[in-house]
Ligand SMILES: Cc1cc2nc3c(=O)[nH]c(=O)nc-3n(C[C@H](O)[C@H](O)[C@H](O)COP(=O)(O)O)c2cc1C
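Only one chain comes next, encoded as structure tokens, the form predicted on its own.
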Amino acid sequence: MDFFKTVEDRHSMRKYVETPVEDEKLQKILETANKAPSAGNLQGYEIYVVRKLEQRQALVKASWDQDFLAEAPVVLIFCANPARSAERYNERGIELYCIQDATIACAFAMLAAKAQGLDTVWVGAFNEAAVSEIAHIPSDLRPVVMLPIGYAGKASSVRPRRELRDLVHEA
């Protein structure tokens, strides 16, 4: 798929069918996330793959009843790894760069999913401690975004975007 078409077609999907995500497609998504730029190329993030239904159902509760987390056959959890970023950037690496690294990797994963005919939605509203417990994430990592991945269950309406004239400013 053409890059600009991928970006144009990508939108948040909150309804999924039960069709599993093929291992090859998931592998391509993970490889693409691994190519995302990061501060100092330290890759201050980790990715947890959640496939078990029981865990996905628990993520629904940890995210204040966002049911689509259980519908999607795969959920990726992108975690900041402050220690990796602190190696070079000290406090700024801990407070900012590792979070940016995780979110950039997630954005790359979203586009890689869409390029392969899959859909996603960015999930940032959740109880971090509960998500860590469900996915067995060590306490030195911080979950910052969850990304359910699957085949769209129904077409959803695309919300309008801001006009560039309202968004872009000359410095």
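All values reported here derive from a predicted model rather than from experimental measurement. Numbers follow the displayed sequence, beginning with 1.
A second form of this protein, the form predicted in complex with the named molecule, is not displayed here; the remarks below concern that form.
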Testing 51 to 59, 131 to 139, 65 to 73, 31 to 39 against the named molecule in the model of the complex with a 4.5 Å heavy atom criterion leaves exactly one stretch, namely 65 to 73
| message | I'd like to check something about G124: if you look in the model of the complex, is any of its heavy atoms closer than or equal to 4.5 Å to a heavy atom of the named molecule? | response | yes
Requested in this report: Give a yes or no for T19: in the model of the complex, does one of its heavy atoms lie within 4.5 Å of a heavy atom belonging to the named molecule?
Outcome: no
Does the 4.5 Å heavy atom contact test between K15 and the named molecule in the model of the complex come out positive?
no
Worksheet item: Would K25 show up as a contact with the named molecule in the model of the complex if we use heavy atoms at 4.5 Å?
Response: no
Taking the named molecule in the model of the complex and a 4.5 Å non-hydrogen atom cutoff, the residues of 78 to 111 making contact are none
